[in-house]
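The form predicted on its own is given below as one chain in structure tokens.
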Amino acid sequence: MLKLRSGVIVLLVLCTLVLAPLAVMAQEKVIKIGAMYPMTGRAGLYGLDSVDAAEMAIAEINGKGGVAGYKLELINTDSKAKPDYSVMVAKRYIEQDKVHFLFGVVSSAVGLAVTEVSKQSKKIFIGTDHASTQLTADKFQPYYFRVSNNTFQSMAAGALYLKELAQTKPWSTIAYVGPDYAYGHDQWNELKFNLDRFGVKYKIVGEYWPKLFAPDYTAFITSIIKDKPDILISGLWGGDSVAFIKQATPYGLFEKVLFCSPDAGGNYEVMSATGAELPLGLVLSARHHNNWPETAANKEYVKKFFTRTGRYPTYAAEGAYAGILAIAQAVEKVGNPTDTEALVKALEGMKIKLPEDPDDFTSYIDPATHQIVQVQAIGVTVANDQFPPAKRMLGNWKVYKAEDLLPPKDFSEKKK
């Protein structure tokens, strides 16, 4: 009996010695991605779409065997669009969950807070949606990469559009309405910078700064009407943009001024939430469009997202989709998700074909700023019911070359 027990003990010890390393190896074969997206409130749809698109990309990649022998895994925590809370989540991801990448966030205020955690911990942070140029300019740090347009690129495209417009429909006065934090201020400063850079003459007749997620824009709307700008630039986004348009329409604002929102105003959420109420002729753009470019890749992406979720994607979805593709491509090149410095090098200069790319262009990450470089299209609202519940989509596109939208090398110094 003693011999039998001894044999069992020896067998158990041997099994432990053999199986324990195998269990560790199995755990190591997962690429953990720590996401922080808002899942409630006005920004909640952005978070929902981002998580769905990221998981769609992960399912595609894992379904093909993963990358370099690893499977991808997304962990998401509701950021509540709050910087302090998101910093706490990011630190927990790093210290307890042992994530390989920080990922996502919608608000630029959250992005600016999380990038500091990324810098201090030397943990790569893939920014998928927030757009403040500060993250890739004066707040640049080597472990941050952004896979969607920043505000400078959007405002450069907007300035070029307004320059062309002045040749056919002369205008002279301009005003701005945008959220009173980094993202909103960056847009306005960068639009003025680019109008000056491109030699456009203009006079500012008003600046209006509602708080993020403001419930009532009436005072701002009446002030805009009183100030009579030819062009009203909007830096509002998401539910704020929808609320402003709905509240301004009864005042006839859009019959009095040309409304132009080149960064986030053309998001599908605006079209789906306003339906036939959305005025025609608004000048809008966003970081992805369901009906541009009309490529097989973009149509397939939109179709897959709709099949998976039952709704058409906002631009936030494509940013998250792009972020997963970037991580997979970097890990495939390096061979593992733990060699951070090698992953940084793999991401720098990476070429990555995305749904928003026309057939003749491939997005790439600028190695100097870690900002993705992309083509941008600006359109106007036209009647289109092909993407219900929207009754309006963008059309009459003007397309701007990616390299024409980049800031000059001394841009950060000029800001100071």
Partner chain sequence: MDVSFIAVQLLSGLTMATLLFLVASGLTLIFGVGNVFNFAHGSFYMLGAYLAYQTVSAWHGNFWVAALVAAIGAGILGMMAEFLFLRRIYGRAEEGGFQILLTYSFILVIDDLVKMIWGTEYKSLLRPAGFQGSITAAGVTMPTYNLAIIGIGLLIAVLAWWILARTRPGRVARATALDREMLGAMGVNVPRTMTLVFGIATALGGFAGALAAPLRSVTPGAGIEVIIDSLIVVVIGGMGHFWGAWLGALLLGEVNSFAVAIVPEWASVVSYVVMVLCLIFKPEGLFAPRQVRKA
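Positions refer to the first chain, counted from 1. Predicted, not measured: the structure shown is a model, and the values here were computed from it.
Below, we turn to the form predicted together with the partner chain, even though it does not appear here.
Not one of A166, I174 and F198 is positioned with any heavy atom within 4.5 Å of the partner chain in the predicted bound form. When the partner chain is considered in the predicted bound form, only one residue from L162, C260, V242, A330 comes within 4.5 Å through any heavy atom, namely V242. For the candidate set K122, K211, K71, K203, a heavy atom within 4.5 Å of the partner chain in the predicted bound form is found for exactly one residue, namely K211. Under a 4.5 angstroms non-hydrogen atom cutoff, the partner chain in the predicted bound form lacks A326 among its neighbouring residues. When the partner chain is considered in the predicted bound form, T222 lines it closely, a heavy atom lying within 4.5 Å.
At the 4.5 Å threshold, heavy atoms of R311 reach the partner chain in the predicted bound form. When contacts are judged by a 4.5 Å heavy atom cut-off, D97 does not count as touching the partner chain in the predicted bound form. For the partner chain in the predicted bound form, the listed stretch (287 to 295, 265 to 273, 342 to 350, 153 to 161) containing residues with heavy atoms inside 4.5 Å is 265 to 273.
If you take 247 to 264 and check each residue for a heavy atom within 4.5 Å of the partner chain in the predicted bound form, you get Q247, T249, P250, Y251, in sequence order.
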